[in-house]
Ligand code: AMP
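The form predicted alone is given below as one chain in structure tokens.
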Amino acid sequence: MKVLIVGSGGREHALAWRIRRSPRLTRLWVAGGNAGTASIAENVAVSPEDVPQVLDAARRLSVDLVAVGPEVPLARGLVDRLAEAGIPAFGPTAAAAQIEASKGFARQLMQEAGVPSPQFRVFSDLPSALDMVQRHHGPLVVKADGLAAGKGVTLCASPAEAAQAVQASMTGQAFGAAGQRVVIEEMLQGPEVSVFAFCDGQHLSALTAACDYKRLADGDQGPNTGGMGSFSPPPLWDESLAGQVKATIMQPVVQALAQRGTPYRGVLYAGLMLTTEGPKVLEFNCRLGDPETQVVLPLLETDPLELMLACVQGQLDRTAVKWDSQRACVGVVMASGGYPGKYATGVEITGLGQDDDASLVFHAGTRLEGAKIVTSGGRVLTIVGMGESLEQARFRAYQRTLGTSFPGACFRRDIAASSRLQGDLNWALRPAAAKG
């Protein structure tokens, strides 16, 4: 098979790395790409977000499959356009991708499907939103309705903070057009977990899970980012919880989308909060997460091309999706100094080393400059350690991280730290009655 991956981040490098290992692959291209994908595939100089450019490239290269990484081209209808051209594509249509492209749409869909979620309201005018905030006395979450690169969520401890967040989004252009409409939700409490399932429009694969870290600094301090690290599997994840999430959250949403005439094909991502009343949905994404992909795909035992084709062809029920249950992965994101604000680019990265069975480096904001690899973005690398336990995987991830450097590099030092793992484990061991 000839395959085109769309995207330029760490997720797409991880996809390229895993697809490269498929015996069905004959040639691999990446639309956009980075210095890491250039070492295992051929980068194509087109913007991943430019639908006509990607479509033209897929036609010109006569590819057998397009695997779409980021949410923006999905929301812009890339899969729809490829389908019209007769080119198989792994990812949801624009209609199904609304589950991420519009948080208001997602909440209303969940409400209709009876999926456990926080209480919410959607606002298009500032006075009504501010009135609601002033009447509410507890903590709130304010979300830009549209796509905001993972940064459109503000956790607000007081009405004053919530009012400030609403104004920044709706009139301050903090998130551009994405924030002109907002969703205001009650703030939930509990451990968070990211859950992934492959879908063919009707059937769901076995689920897998990871935990990510959205705040910039140790101890979940600092501004929200696109993600500063992750690990898989979470200690609290077991067959019982997976079955509950599949039955009460994932399957009802897939059925609801199918009933609307917009079947969901691709990877469905649910960000969950494990509250004392049970799992509740924080958000849905219409693709693999980043940086979770970097710790999930090394554990995928099924041939990814076989799996993607099964999703596209509506035959996932005939494909056994297997995950390695004997290993763990921990990923540490190295970012440019100043991220998620202003940061310098074009600085050389040293100490990248060679991948092996203990660790991997997935590139995100990198590019080639002659024989050198230099930074080109905010999140630069995800360094993944693998092992028979989370502790071993964490040691290997940080061992390699400390040997990799570039001027201004920053990273969290508490990814998969024992305190967080133990906190999650303590919650999981609570009596069932206390968790609802």
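All residue numbers are counted from 1 along the displayed sequence. The shown structure was predicted, so the numbers you read here are calculated from the model rather than taken from an experiment.
Same protein, other form: the form predicted in complex with the ligand, not shown, and the subject of what follows.
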Hey, in the predicted complex, is E192 touching the ligand, heavy atoms inside 4.5 Å?
yes
If you check in the predicted complex, is D356 within 4.5 Å of the ligand, heavy atoms only?
no
Report whether the minimum heavy atom distance between P118 and the ligand in the predicted complex is within 4.5 Å.
yes
Non-hydrogen atom contact A206 with the ligand in the predicted complex at 4.5 angstroms
no
Go through 338-346, 278-286, 360-368, 297-305 and give me the stretch that gets within 4.5 Å of the ligand in the predicted complex, heavy atoms only.
278-286
Taking the ligand in the predicted complex, would K143, E185 and L188 all count as contacting it (heavy atom within 4.5 Å)?
yes
Looking at A85, A258, A247, L155, which has any heavy atom no more than 4.5 Å from the ligand in the predicted complex?
L155
The single option of R181, R76, K214, R327 touching the ligand in the predicted complex, heavy atom within 4.5 Å:
K214
Those residues of 77-116 which, in the predicted complex, come within 4.5 Å of the ligand by heavy atom
K103
